[in-house]
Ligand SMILES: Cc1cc2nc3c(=O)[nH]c(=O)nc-3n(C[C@H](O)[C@H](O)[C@H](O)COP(=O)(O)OP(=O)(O)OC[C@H]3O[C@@H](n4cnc5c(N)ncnc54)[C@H](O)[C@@H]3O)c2cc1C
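Starting off, we have a lone chain in the form predicted on its own, written out as C-alpha coordinates.
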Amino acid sequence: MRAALVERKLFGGTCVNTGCMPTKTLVASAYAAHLARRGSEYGVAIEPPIQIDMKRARARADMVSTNARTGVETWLRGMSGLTVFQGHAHFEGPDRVRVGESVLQAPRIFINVGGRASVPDMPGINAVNYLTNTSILQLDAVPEHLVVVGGSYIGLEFAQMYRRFGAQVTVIEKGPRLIAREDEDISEAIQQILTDEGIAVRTNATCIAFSPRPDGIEVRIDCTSGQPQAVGSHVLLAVGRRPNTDDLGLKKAGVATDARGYIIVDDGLVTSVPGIWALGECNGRGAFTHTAYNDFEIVAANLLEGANRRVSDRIPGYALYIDPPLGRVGLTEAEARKTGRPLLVSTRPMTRVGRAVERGEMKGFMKVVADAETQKILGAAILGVNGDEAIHGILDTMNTGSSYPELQWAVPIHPTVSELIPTVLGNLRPVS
(Lines give C-alpha, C1' and ligand atoms only; values in the text may rest on other atoms or scores of the structure.)
Protein backbone atom coordinates (compact mmCIF):
# COMPACT_ATOMS: atom_id res chain seq x y z
CA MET A 1 0.00 0.00 0.00
CA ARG A 2 1.01 3.62 -0.49
CA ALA A 3 1.06 5.58 2.73
CA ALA A 4 1.70 9.12 3.92
CA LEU A 5 2.98 10.05 7.36
CA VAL A 6 2.74 13.58 8.77
CA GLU A 7 4.98 14.74 11.62
CA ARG A 8 4.58 18.22 13.03
CA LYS A 9 7.84 18.49 14.93
CA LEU A 10 10.10 15.73 16.26
CA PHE A 11 10.10 12.15 15.01
CA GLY A 12 9.70 9.49 17.68
CA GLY A 13 6.99 11.18 19.73
CA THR A 14 6.87 11.72 23.46
CA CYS A 15 8.88 8.67 24.52
CA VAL A 16 11.91 9.42 22.39
CA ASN A 17 12.00 13.17 22.86
CA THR A 18 10.49 14.23 26.19
CA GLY A 19 9.41 11.02 27.91
CA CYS A 20 10.92 7.64 28.63
CA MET A 21 14.28 7.88 26.93
CA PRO A 22 15.64 11.23 28.21
CA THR A 23 14.06 10.92 31.66
CA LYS A 24 15.23 7.37 32.29
CA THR A 25 18.71 8.37 31.10
CA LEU A 26 18.70 11.12 33.75
CA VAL A 27 17.31 8.65 36.31
CA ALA A 28 20.34 6.46 35.59
CA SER A 29 22.68 9.41 36.22
CA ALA A 30 20.87 10.17 39.48
CA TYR A 31 21.15 6.51 40.53
CA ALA A 32 24.90 6.60 39.86
CA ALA A 33 25.21 9.62 42.15
CA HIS A 34 23.13 7.93 44.83
CA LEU A 35 25.18 4.75 44.67
CA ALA A 36 28.44 6.70 44.76
CA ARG A 37 27.38 8.37 48.01
CA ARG A 38 26.72 4.90 49.45
CA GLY A 39 30.03 3.49 48.25
CA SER A 40 31.40 2.92 51.74
CA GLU A 41 28.50 0.52 52.47
CA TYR A 42 29.88 -1.75 49.75
CA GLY A 43 33.52 -1.38 50.76
CA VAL A 44 34.25 1.12 48.00
CA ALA A 45 36.04 4.31 49.05
CA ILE A 46 34.81 7.40 47.20
CA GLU A 47 35.85 10.79 48.53
CA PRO A 48 32.87 13.03 49.38
CA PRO A 49 31.32 15.29 48.35
CA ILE A 50 30.12 13.77 45.10
CA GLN A 51 30.20 16.28 42.25
CA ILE A 52 27.30 16.55 39.79
CA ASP A 53 28.09 17.73 36.26
CA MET A 54 24.56 18.59 35.17
CA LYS A 55 25.66 19.79 31.76
CA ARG A 56 27.22 16.42 31.05
CA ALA A 57 24.19 14.52 32.42
CA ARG A 58 21.90 16.57 30.19
CA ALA A 59 24.18 16.09 27.18
CA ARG A 60 24.05 12.33 27.71
CA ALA A 61 20.23 12.40 27.82
CA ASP A 62 20.16 14.60 24.71
CA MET A 63 22.45 12.18 22.88
CA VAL A 64 20.24 9.19 23.69
CA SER A 65 17.16 11.04 22.40
CA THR A 66 18.91 12.41 19.32
CA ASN A 67 20.24 9.02 18.29
CA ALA A 68 16.82 7.41 18.66
CA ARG A 69 15.04 10.26 16.86
CA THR A 70 17.52 10.23 13.98
CA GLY A 71 17.17 6.47 13.64
CA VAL A 72 13.38 6.69 13.45
CA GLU A 73 13.43 9.51 10.90
CA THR A 74 16.03 7.84 8.70
CA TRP A 75 14.06 4.58 8.74
CA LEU A 76 10.80 6.31 7.81
CA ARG A 77 12.25 8.49 5.05
CA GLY A 78 13.92 5.46 3.49
CA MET A 79 10.80 3.27 3.51
CA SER A 80 9.51 2.22 0.10
CA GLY A 81 5.94 3.36 -0.56
CA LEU A 82 5.93 5.89 2.30
CA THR A 83 5.93 9.66 1.76
CA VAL A 84 6.88 11.75 4.79
CA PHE A 85 5.39 15.22 5.25
CA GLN A 86 6.61 17.63 7.89
CA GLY A 87 4.13 20.19 9.11
CA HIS A 88 0.84 20.66 10.89
CA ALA A 89 -1.95 18.40 9.64
CA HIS A 90 -5.62 19.27 10.01
CA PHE A 91 -8.79 17.76 8.61
CA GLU A 92 -10.78 19.35 5.79
CA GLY A 93 -13.26 16.46 5.71
CA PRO A 94 -13.66 12.85 6.82
CA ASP A 95 -11.19 11.63 4.18
CA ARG A 96 -9.02 14.73 3.57
CA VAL A 97 -6.11 16.18 5.51
CA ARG A 98 -4.24 19.38 4.67
CA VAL A 99 -0.53 19.83 5.36
CA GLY A 100 0.56 23.25 4.20
CA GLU A 101 -0.16 23.46 0.48
CA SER A 102 -0.75 19.73 0.15
CA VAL A 103 -4.14 18.04 0.53
CA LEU A 104 -4.01 14.31 1.21
CA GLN A 105 -7.03 12.12 0.54
CA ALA A 106 -7.28 8.54 1.73
CA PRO A 107 -9.86 5.90 2.68
CA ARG A 108 -8.05 5.20 5.95
CA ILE A 109 -6.66 7.83 8.31
CA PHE A 110 -4.90 7.08 11.60
CA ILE A 111 -4.55 9.73 14.31
CA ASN A 112 -1.70 9.27 16.78
CA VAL A 113 -0.82 12.76 17.97
CA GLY A 114 0.07 12.08 21.61
CA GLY A 115 -0.32 14.59 24.43
CA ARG A 116 1.40 17.27 26.44
CA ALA A 117 1.59 18.55 29.99
CA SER A 118 -1.61 19.98 31.40
CA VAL A 119 -1.38 23.47 32.92
CA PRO A 120 -4.53 24.14 34.96
CA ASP A 121 -5.66 27.70 35.57
CA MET A 122 -4.39 27.85 39.14
CA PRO A 123 -4.18 31.23 40.91
CA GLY A 124 -1.01 33.11 39.98
CA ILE A 125 0.28 30.50 37.54
CA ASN A 126 0.70 33.08 34.76
CA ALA A 127 2.72 35.36 37.02
CA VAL A 128 5.59 32.91 37.52
CA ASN A 129 8.01 30.90 35.42
CA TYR A 130 7.26 27.22 35.75
CA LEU A 131 8.63 24.00 34.31
CA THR A 132 6.85 21.05 32.71
CA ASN A 133 8.18 17.55 32.03
CA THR A 134 9.44 18.92 28.68
CA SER A 135 11.13 22.16 29.72
CA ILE A 136 12.77 20.68 32.82
CA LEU A 137 14.87 18.51 30.48
CA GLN A 138 16.63 21.70 29.33
CA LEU A 139 18.07 22.48 32.77
CA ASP A 140 21.86 22.33 32.79
CA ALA A 141 22.26 23.25 36.46
CA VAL A 142 20.84 21.68 39.61
CA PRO A 143 18.03 23.78 41.14
CA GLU A 144 18.61 25.04 44.65
CA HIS A 145 15.06 24.09 45.65
CA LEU A 146 12.69 22.30 43.28
CA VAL A 147 9.02 22.43 44.23
CA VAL A 148 7.06 19.71 42.44
CA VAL A 149 3.32 20.31 42.19
CA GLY A 150 1.70 16.92 41.68
CA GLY A 151 2.40 13.72 43.60
CA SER A 152 1.97 11.18 40.84
CA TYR A 153 4.26 9.27 38.47
CA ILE A 154 6.00 12.04 36.51
CA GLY A 155 6.35 14.33 39.50
CA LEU A 156 7.81 11.69 41.80
CA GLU A 157 10.38 10.53 39.24
CA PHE A 158 11.70 14.08 38.81
CA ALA A 159 11.52 14.72 42.56
CA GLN A 160 13.79 11.81 43.45
CA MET A 161 16.04 12.43 40.46
CA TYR A 162 16.80 16.03 41.41
CA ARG A 163 17.09 15.23 45.10
CA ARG A 164 19.83 12.77 44.18
CA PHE A 165 21.46 15.45 42.05
CA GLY A 166 21.62 17.55 45.22
CA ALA A 167 18.58 19.82 45.11
CA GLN A 168 16.28 20.49 48.01
CA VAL A 169 12.92 19.07 46.90
CA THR A 170 9.35 19.57 48.07
CA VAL A 171 6.43 17.61 46.63
CA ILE A 172 2.98 19.17 46.92
CA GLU A 173 -0.07 16.97 46.35
CA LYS A 174 -3.67 18.19 46.46
CA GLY A 175 -5.02 14.79 47.49
CA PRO A 176 -4.63 13.00 50.81
CA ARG A 177 -1.81 10.74 49.57
CA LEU A 178 0.68 10.24 46.76
CA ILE A 179 -0.28 8.29 43.60
CA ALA A 180 -3.87 7.87 44.72
CA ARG A 181 -4.67 5.21 42.11
CA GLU A 182 -2.44 2.76 43.98
CA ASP A 183 -3.35 0.92 47.19
CA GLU A 184 -2.74 2.84 50.40
CA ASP A 185 0.09 0.53 51.51
CA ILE A 186 1.90 1.18 48.22
CA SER A 187 1.41 4.95 48.56
CA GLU A 188 2.68 4.93 52.12
CA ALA A 189 5.76 2.88 51.23
CA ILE A 190 6.62 5.19 48.33
CA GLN A 191 6.25 8.28 50.50
CA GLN A 192 8.56 6.70 53.08
CA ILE A 193 11.15 5.95 50.39
CA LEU A 194 11.10 9.59 49.30
CA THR A 195 11.13 11.12 52.77
CA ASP A 196 14.03 8.84 53.77
CA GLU A 197 16.03 10.57 51.03
CA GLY A 198 15.18 14.01 52.39
CA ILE A 199 12.26 14.93 50.13
CA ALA A 200 9.57 16.97 51.86
CA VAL A 201 6.06 15.72 51.03
CA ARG A 202 3.00 17.90 51.60
CA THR A 203 -0.37 16.28 50.99
CA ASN A 204 -3.88 17.71 51.43
CA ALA A 205 -2.76 20.89 49.68
CA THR A 206 -6.20 22.44 49.53
CA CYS A 207 -5.48 25.80 47.90
CA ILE A 208 -2.40 25.79 45.68
CA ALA A 209 -1.44 29.25 44.37
CA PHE A 210 1.70 30.91 43.03
CA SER A 211 3.40 34.29 43.35
CA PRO A 212 6.85 35.61 42.40
CA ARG A 213 9.36 36.46 45.10
CA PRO A 214 12.83 38.04 44.90
CA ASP A 215 14.30 34.75 46.10
CA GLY A 216 12.23 32.52 43.84
CA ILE A 217 8.63 31.37 43.54
CA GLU A 218 6.23 31.08 46.42
CA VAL A 219 3.78 28.19 46.29
CA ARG A 220 0.95 28.57 48.75
CA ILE A 221 -0.20 25.23 50.13
CA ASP A 222 -2.81 25.81 52.84
CA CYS A 223 -2.43 22.30 54.22
CA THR A 224 -3.90 21.06 57.45
CA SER A 225 -0.46 21.12 59.05
CA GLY A 226 3.02 22.47 58.38
CA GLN A 227 4.12 25.74 56.82
CA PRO A 228 1.45 27.44 54.67
CA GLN A 229 3.85 27.95 51.77
CA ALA A 230 7.04 26.71 50.13
CA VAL A 231 9.50 28.95 48.31
CA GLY A 232 11.44 27.30 45.52
CA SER A 233 14.02 28.42 43.01
CA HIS A 234 12.14 26.31 40.44
CA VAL A 235 8.61 24.92 40.18
CA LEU A 236 7.67 21.82 38.19
CA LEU A 237 4.03 21.34 37.25
CA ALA A 238 3.24 17.63 37.07
CA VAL A 239 -0.53 17.62 37.37
CA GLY A 240 -1.59 15.53 34.42
CA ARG A 241 -1.64 15.38 30.63
CA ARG A 242 -3.91 16.64 27.86
CA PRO A 243 -4.26 15.30 24.30
CA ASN A 244 -2.93 17.18 21.27
CA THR A 245 -6.33 17.24 19.59
CA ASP A 246 -7.47 20.85 19.85
CA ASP A 247 -6.05 22.07 16.50
CA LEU A 248 -6.67 19.09 14.19
CA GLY A 249 -9.99 20.25 12.74
CA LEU A 250 -11.72 17.17 14.12
CA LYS A 251 -15.16 18.79 13.85
CA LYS A 252 -14.73 19.15 10.08
CA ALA A 253 -14.18 15.41 9.90
CA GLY A 254 -17.00 14.62 12.32
CA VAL A 255 -14.67 12.97 14.82
CA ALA A 256 -16.13 13.08 18.32
CA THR A 257 -14.14 13.88 21.47
CA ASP A 258 -15.00 13.76 25.14
CA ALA A 259 -15.06 16.69 27.57
CA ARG A 260 -11.30 16.52 28.07
CA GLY A 261 -10.47 16.45 24.36
CA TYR A 262 -9.72 12.74 24.06
CA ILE A 263 -10.92 11.12 20.84
CA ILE A 264 -13.73 8.67 21.49
CA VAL A 265 -13.02 5.20 20.07
CA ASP A 266 -14.67 1.80 20.17
CA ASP A 267 -13.06 -1.45 21.25
CA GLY A 268 -11.24 -1.69 17.93
CA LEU A 269 -10.01 1.95 18.16
CA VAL A 270 -12.36 3.19 15.43
CA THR A 271 -13.55 6.76 15.96
CA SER A 272 -17.09 8.04 15.40
CA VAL A 273 -16.20 8.21 11.68
CA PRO A 274 -15.68 4.90 9.83
CA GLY A 275 -12.27 4.92 8.20
CA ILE A 276 -10.65 7.01 10.93
CA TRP A 277 -8.82 5.41 13.85
CA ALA A 278 -7.22 7.03 16.91
CA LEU A 279 -4.21 5.43 18.59
CA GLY A 280 -1.93 6.23 21.48
CA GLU A 281 -2.31 8.82 24.19
CA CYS A 282 -4.87 10.93 22.30
CA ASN A 283 -7.62 8.29 22.62
CA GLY A 284 -7.59 8.17 26.42
CA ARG A 285 -7.24 4.39 26.49
CA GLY A 286 -3.61 4.34 27.63
CA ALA A 287 -0.83 6.81 28.35
CA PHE A 288 2.23 4.66 27.71
CA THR A 289 4.50 3.74 24.83
CA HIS A 290 3.61 0.08 25.25
CA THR A 291 -0.14 0.75 25.12
CA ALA A 292 0.32 2.95 22.04
CA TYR A 293 2.25 0.15 20.33
CA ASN A 294 -0.43 -2.32 21.33
CA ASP A 295 -3.02 0.00 19.77
CA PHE A 296 -1.08 -0.40 16.50
CA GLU A 297 -1.03 -4.18 16.92
CA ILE A 298 -4.79 -4.25 17.43
CA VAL A 299 -5.57 -2.09 14.39
CA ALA A 300 -3.05 -3.84 12.12
CA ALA A 301 -4.28 -7.32 13.07
CA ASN A 302 -7.91 -6.36 12.55
CA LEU A 303 -7.31 -4.60 9.22
CA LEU A 304 -4.70 -6.83 7.64
CA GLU A 305 -5.31 -10.24 9.17
CA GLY A 306 -9.07 -10.25 9.70
CA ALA A 307 -8.63 -10.56 13.46
CA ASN A 308 -11.00 -9.32 16.15
CA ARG A 309 -8.60 -7.89 18.68
CA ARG A 310 -9.98 -5.50 21.29
CA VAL A 311 -8.62 -2.91 23.67
CA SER A 312 -10.75 -4.37 26.46
CA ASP A 313 -8.71 -7.58 26.26
CA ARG A 314 -5.56 -5.70 27.28
CA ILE A 315 -4.33 -6.31 30.81
CA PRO A 316 -2.97 -2.99 32.09
CA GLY A 317 0.63 -2.94 33.23
CA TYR A 318 2.96 -0.07 33.95
CA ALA A 319 5.85 1.07 36.13
CA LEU A 320 6.79 4.00 38.33
CA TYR A 321 10.50 4.68 37.84
CA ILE A 322 11.54 5.94 41.21
CA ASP A 323 14.24 3.85 42.86
CA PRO A 324 13.31 1.21 43.76
CA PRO A 325 10.77 1.02 40.95
CA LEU A 326 7.15 -0.03 41.18
CA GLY A 327 5.98 -2.64 38.68
CA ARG A 328 2.19 -2.93 38.46
CA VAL A 329 -0.22 -5.16 36.57
CA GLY A 330 -3.98 -5.67 36.66
CA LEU A 331 -6.22 -4.60 39.54
CA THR A 332 -5.17 -3.05 42.81
CA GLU A 333 -6.52 -4.67 45.96
CA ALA A 334 -8.99 -1.79 46.33
CA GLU A 335 -10.25 -2.30 42.78
CA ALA A 336 -10.49 -6.05 43.28
CA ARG A 337 -12.56 -5.58 46.45
CA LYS A 338 -15.08 -3.53 44.48
CA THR A 339 -15.82 -6.57 42.29
CA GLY A 340 -17.34 -8.35 45.28
CA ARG A 341 -15.42 -11.52 44.41
CA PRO A 342 -13.79 -13.65 47.16
CA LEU A 343 -10.15 -12.63 47.24
CA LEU A 344 -6.78 -14.01 48.23
CA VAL A 345 -3.93 -11.61 49.06
CA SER A 346 -0.27 -12.14 49.84
CA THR A 347 2.59 -9.76 50.57
CA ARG A 348 6.30 -10.20 51.20
CA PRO A 349 8.76 -7.48 52.25
CA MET A 350 11.87 -6.98 50.15
CA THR A 351 13.89 -7.50 53.35
CA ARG A 352 13.15 -11.21 52.80
CA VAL A 353 14.26 -11.23 49.16
CA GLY A 354 17.85 -12.46 48.92
CA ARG A 355 18.68 -10.44 45.80
CA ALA A 356 17.58 -7.23 47.51
CA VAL A 357 19.58 -8.06 50.65
CA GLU A 358 22.71 -8.82 48.61
CA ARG A 359 22.43 -5.49 46.81
CA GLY A 360 21.66 -3.56 49.99
CA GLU A 361 18.42 -2.29 48.45
CA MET A 362 15.68 -3.70 50.65
CA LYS A 363 12.94 -1.08 50.54
CA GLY A 364 9.47 -2.03 49.34
CA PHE A 365 7.44 -5.22 49.13
CA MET A 366 5.71 -7.64 46.76
CA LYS A 367 1.94 -8.04 46.65
CA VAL A 368 -0.40 -10.34 44.74
CA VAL A 369 -4.22 -10.37 44.61
CA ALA A 370 -6.06 -13.44 43.26
CA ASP A 371 -9.62 -14.67 42.83
CA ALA A 372 -10.27 -17.39 45.43
CA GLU A 373 -12.72 -19.31 43.21
CA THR A 374 -11.15 -19.13 39.75
CA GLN A 375 -7.55 -19.12 41.11
CA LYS A 376 -6.71 -16.45 38.54
CA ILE A 377 -4.33 -13.64 39.46
CA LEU A 378 -6.23 -10.34 39.39
CA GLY A 379 -3.33 -8.00 39.99
CA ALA A 380 0.10 -7.57 41.50
CA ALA A 381 2.61 -4.95 42.57
CA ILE A 382 6.33 -5.28 43.06
CA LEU A 383 7.79 -2.22 44.74
CA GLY A 384 11.45 -3.04 45.01
CA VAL A 385 14.71 -3.62 43.22
CA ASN A 386 14.05 -4.88 39.66
CA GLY A 387 10.31 -4.70 40.30
CA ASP A 388 9.72 -3.30 36.81
CA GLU A 389 11.28 -6.44 35.31
CA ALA A 390 10.10 -9.09 37.78
CA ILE A 391 6.46 -8.07 37.35
CA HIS A 392 6.50 -9.54 33.84
CA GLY A 393 6.38 -13.08 35.17
CA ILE A 394 2.98 -12.30 36.64
CA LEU A 395 1.89 -10.20 33.65
CA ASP A 396 2.69 -13.06 31.27
CA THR A 397 0.82 -15.55 33.43
CA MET A 398 -2.24 -13.32 33.45
CA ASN A 399 -2.09 -12.90 29.67
CA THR A 400 -2.05 -16.65 29.11
CA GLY A 401 -5.08 -17.09 31.36
CA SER A 402 -3.20 -19.51 33.61
CA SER A 403 -4.11 -20.01 37.26
CA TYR A 404 -1.74 -19.02 40.03
CA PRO A 405 -0.90 -22.64 41.04
CA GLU A 406 0.69 -23.12 37.61
CA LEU A 407 3.08 -20.25 38.27
CA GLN A 408 3.50 -21.28 41.91
CA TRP A 409 5.13 -24.54 40.87
CA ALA A 410 7.52 -22.99 38.37
CA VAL A 411 11.25 -23.35 39.14
CA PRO A 412 12.74 -19.85 38.87
CA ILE A 413 16.42 -18.95 38.80
CA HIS A 414 18.28 -18.15 42.02
CA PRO A 415 19.28 -15.53 43.05
CA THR A 416 16.68 -13.23 41.50
CA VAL A 417 13.73 -11.15 42.62
CA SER A 418 11.44 -13.27 40.44
CA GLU A 419 12.29 -16.42 42.40
CA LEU A 420 10.15 -15.14 45.28
CA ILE A 421 6.98 -14.95 43.17
CA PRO A 422 6.10 -18.65 43.78
CA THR A 423 6.70 -18.09 47.50
CA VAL A 424 4.35 -15.10 47.52
CA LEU A 425 1.73 -17.14 45.66
CA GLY A 426 2.09 -19.97 48.17
CA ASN A 427 1.18 -17.54 50.96
CA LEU A 428 -2.07 -16.29 49.42
CA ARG A 429 -4.70 -16.05 52.14
CA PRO A 430 -8.40 -15.04 52.20
CA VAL A 431 -9.25 -11.44 53.04
CA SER A 432 -12.37 -10.25 54.77
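Predicted, not measured: the structure shown is a model, and the values here were computed from it. Start at 1 with the first residue shown and count on from there.
The same protein also has a form predicted in complex with this ligand, omitted here; what follows describes it.
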> Among 142-150, 260-268, 114-122, 214-222, which stretch sits within 4.5 Å of this ligand in the predicted complex, heavy atoms only?
Replying inline: 114-122
> Closest heavy atom of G327 to this ligand in the predicted complex, within 4.5 Å or not?
Replying inline: no
> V231: heavy atom within 4.5 Å of this ligand in the predicted complex?
Replying inline: no
> Though only this chain appears here, would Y321 touch this ligand in the predicted complex if you measure heavy atom gaps against 4.5 Å?
Replying inline: yes
>> Does any part of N244 reach within 4.5 Å of this ligand in the predicted complex? Heavy atoms only, please.
In response: yes
> this ligand isn't shown here, but in the predicted complex which of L194, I208, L343, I154 has a heavy atom within 4.5 Å of it?
Replying inline: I154
>> So this ligand isn't shown here. In the predicted complex, which residue out of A336, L131, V255, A292 has a non-hydrogen atom within 4.5 Å of it?
In response: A292
>> Pick out the residues of 10-45 whose heavy atoms come within 4.5 Å of this ligand in the predicted complex.
In response: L10, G12, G13, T14, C15, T18, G19, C20, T23, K24
